[in-house]
Each structure stands twice: as structure tokens, then as C-alpha cells.
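Shown below, as C-alpha cells, is a lone chain in the form predicted alone; questions about how it binds or moves come after it.
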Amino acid sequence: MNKFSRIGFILAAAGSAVGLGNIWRFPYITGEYGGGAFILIYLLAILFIGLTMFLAEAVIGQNGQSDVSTSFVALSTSKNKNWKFAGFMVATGLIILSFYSVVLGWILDYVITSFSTLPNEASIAGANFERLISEDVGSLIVYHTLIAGTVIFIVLKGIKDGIEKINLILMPLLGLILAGLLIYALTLDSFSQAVSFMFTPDFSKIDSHALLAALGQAFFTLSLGVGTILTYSASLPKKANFVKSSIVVAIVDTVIALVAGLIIFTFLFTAGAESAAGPGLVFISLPVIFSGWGMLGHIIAVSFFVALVFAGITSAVSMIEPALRFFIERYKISRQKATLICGGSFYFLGIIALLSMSKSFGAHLTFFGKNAFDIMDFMTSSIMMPLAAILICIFLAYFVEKDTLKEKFLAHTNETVFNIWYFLIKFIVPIAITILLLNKLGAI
């Protein structure tokens, strides 16, 4: 099994973390909860929850040097084989990838649209988006096929020639596009307003919902609970500094989210639009704003949506790798066969997801009031990912020798850092994620 270089791991893990959650979800949630105070809470959640869990997955993966199931068994006290069932989390990534590919298809449509006519009213933009997801089934299948084919082509090449290489290309390109958009945003009068909105706390906007939203965003933005970081870490050399690499990834992920927020809020405020634009921010609000800027608006729109595609592809590639590694290691099959199984699975589920939102097939693919797309989203984000994270915490706190973990951390950091991490993983993080899980399920 070929290995990541250190920079390859950082870019691949950052590529996994940096996705639609940073450039789409983070800005609109920040807008809904009033900016600065929410960001402060989010940063604390990244530091104490997100980074803690990232290190947890990294230490399991680097120690196990294998698939999720085998790595759990290898690190467990007395090598308990029952921990092989922790491998359930690899299915989470495939299910997420199924509808994630559909969303990337929507964005691909917006890249194409940005070359021609952009809507000049929110009502028109909303109608266009609704028509795309509910009526234009043929185009969506083509887009989903293109995205799925791209992901499958990349992972077929393996760790070094596929995943590492594509991240060495796309991550710097994503950075360049965002840097260009940020430089343009700096020239606009509303940039200072965006800075003030994002970094001046207004705690009157903060309630329990905001706290849970910040926790959820911090947790999900780093691709935790799906086995990706664990699997990527298994492709690091055993002596590589997983602590330093984890910190770098968390910093890159957070910086990109903040930069995306600054860019988007500058554009919104320039147009006199509301900061609390909601989930429709990218697909409805921004295209209308771009349409008012003439040719420059088209250039910015293309750049912005291409950046979203790049971010989405690097995340999509990471979601399939844990399942591939599972089939390769556990069932001793070739990467080609594993890719055929996993690629075919998420592609088929993706077809069901996109059809479930269409007028023609939606009624047949709706169960208990939710269409298949929403069911997949709910199952993964509200149940499977939090459960996997809680399982990881319990495993490290009670089924792995503390001295074993301490030895691995002390090779790269000091005892104080380890003790803080261990306290968080044993007490604080599982409680926080349990509260998040119960909230998602409507129990609190």
C-alpha cells in the first residue's frame, strides 16, 4: 500500500475537510447567528472538539496502518476482534458521497450558467433552482455521472498517483481562486463592514441553537466520524508527526472558511443584501448579485462556482477512500474491483437521491414525509457520524491503554498537551457530541 508524503497527507486531509461546508454552509450559518459571536464560539469548538477528534482518528489510523476495522482491533486492549464492527463508519462516507455528488452536479450547472445569463431577481433565481432540482432530471443525471466518473477515475490511480496528486493540483488552485476573490473584495467599500460583522461579537444573537450549530459545524467541517482521517492517517509513515499535521489541517480548514465568509459577506453587503440569506445564499442570492456587475460579475461567478467544484471534488474523493481500503484490506480484492463496488454503490444511490426530488419520481421515493435525499442526509449527519464519534471517544478512553496513547503523543508533543487531549476525549467531547446527537434527533 503506497504512502502519503507529509505534504501530501496535509493537502489530502485539508482537501477532505475543505468542502461545501466551508464555502457554502459556514457563511450562511454565520449570517443566521449574527456573525462575530458565533465565529468566536465556532473557533473554540474547532479547538476543543474538532481538533481533539481529528487527533483521535489520526492516532488510531497511524497506529493501525490499515482499514478502519483492522486499525481499531490493532490498538484495542488484548486485540479484541469485536472492534471490527467499528468499520460501519465506512458506509457513512459512501452514503454522503451519493447525495454530495448530486449537489456538486447542481454547482456544475451553475458554472455553465455563469458563462451565459445570470438571474437578475431573487424570484427568478429561486425558480431556476427549483426547476433544476425538480424538473431537469436528464441534466442532473449527466452532471452526477460526470462527478462520479471523475471521483472514480481519481481513486483508481491510488494514494500517490490519484488522491495525493489531485490535491497537489486542486488545493493550490482553490487557494489561488479564493485569494483572487479576496483581493477583489478588499477593493470594495463593504469589506470593512464584512470584517466588522464577522469579528465584532454580538452575544445577543447567541442562544442554545447557535451553540449547537457552532458545535455541529466544527465537527462536520473536519470530515470526522466517517473514517476518512483515520484512513488517510493509516497511509502516513508510522514515525510521521500526526499532531503537527493535524494542527496544520485544522488551521487551513478554518482559514478557508473565514476567507470564504469575508468574500461572501462583502459581496452581500455591497449589494445591500441580508447577511442571513440562509441555505439559498449560494444558489439564489449570490447569482443575483453577480448579475448586477456585468462582465465582471460573470468572471467572479465562474471563479466562485469553480472553486466550489474544486473544494467538493477533493472532499468527494476522501469519502470513498475508507470504503475502498476496507474492501481491499478485509477481503483481499484489487483496488479496481473495490472501486467498481463502491463507485457503483454511491452512483446508484445518487440516482435515487436526485430522482427523489423530482416532480416525476418524488412521490415514489418519499418515506415518512422525507424524500430519499433528505433521508440520506439525516441518517448520516444526525445519526451515523455522531455515533461513530462517540464510539471513537469510548474506545480510546476505556479500551486502549492510556500509556500506549501517551507514548504515541509524547513522540511529537509534551505531556501537558496529551493530558488535555485525553481529558477532552474522555469527558468533554463525548458529552458535547451526545448533546448534539440528541438535539438532531429532536430529543432536546
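Start at 1 and count along the sequence shown; that's the residue number. Computed from a predicted structure; not experimentally measured.
Another form exists, predicted in complex with 4-fluoro-L-phenylalanine (PFF); not displayed. Remarks below refer to it.
With the partner removed from view, the residue among F265, F220, F310, F373 that has a non-hydrogen atom within 4.5 Å of 4-fluoro-L-phenylalanine (PFF) in the model of the complex turns out to be F220. Screening V282, I96, L354, V155 for any heavy atom within 4.5 Å of 4-fluoro-L-phenylalanine (PFF) in the model of the complex leaves a single hit, I96.
Heavy atoms of L20 reach within 4.5 Å of 4-fluoro-L-phenylalanine (PFF) in the model of the complex, making it an interface residue. Proximity of Y100 to 4-fluoro-L-phenylalanine (PFF) in the model of the complex: non-hydrogen atoms within 4.5 Å are present.
A residue is said to contact a partner when one of its heavy atoms sits within 4.5 Å of a partner heavy atom; L104 fails this definition for 4-fluoro-L-phenylalanine (PFF) in the model of the complex, lying far away. Although the partner is absent from this view, I256 stays clear of 4-fluoro-L-phenylalanine (PFF) in the model of the complex, with no non-hydrogen atom inside 4.5 angstroms. Heavy atoms within 4.5 Å of 4-fluoro-L-phenylalanine (PFF) in the model of the complex are found in one stretch of 160-168, 188-196, 125-133, 224-232, which is 224-232. Taking 4-fluoro-L-phenylalanine (PFF) as it sits in the model of the complex, the stretch 294-327 comes within 4.5 angstroms of it through a non-hydrogen atom at S315, S318, M319.
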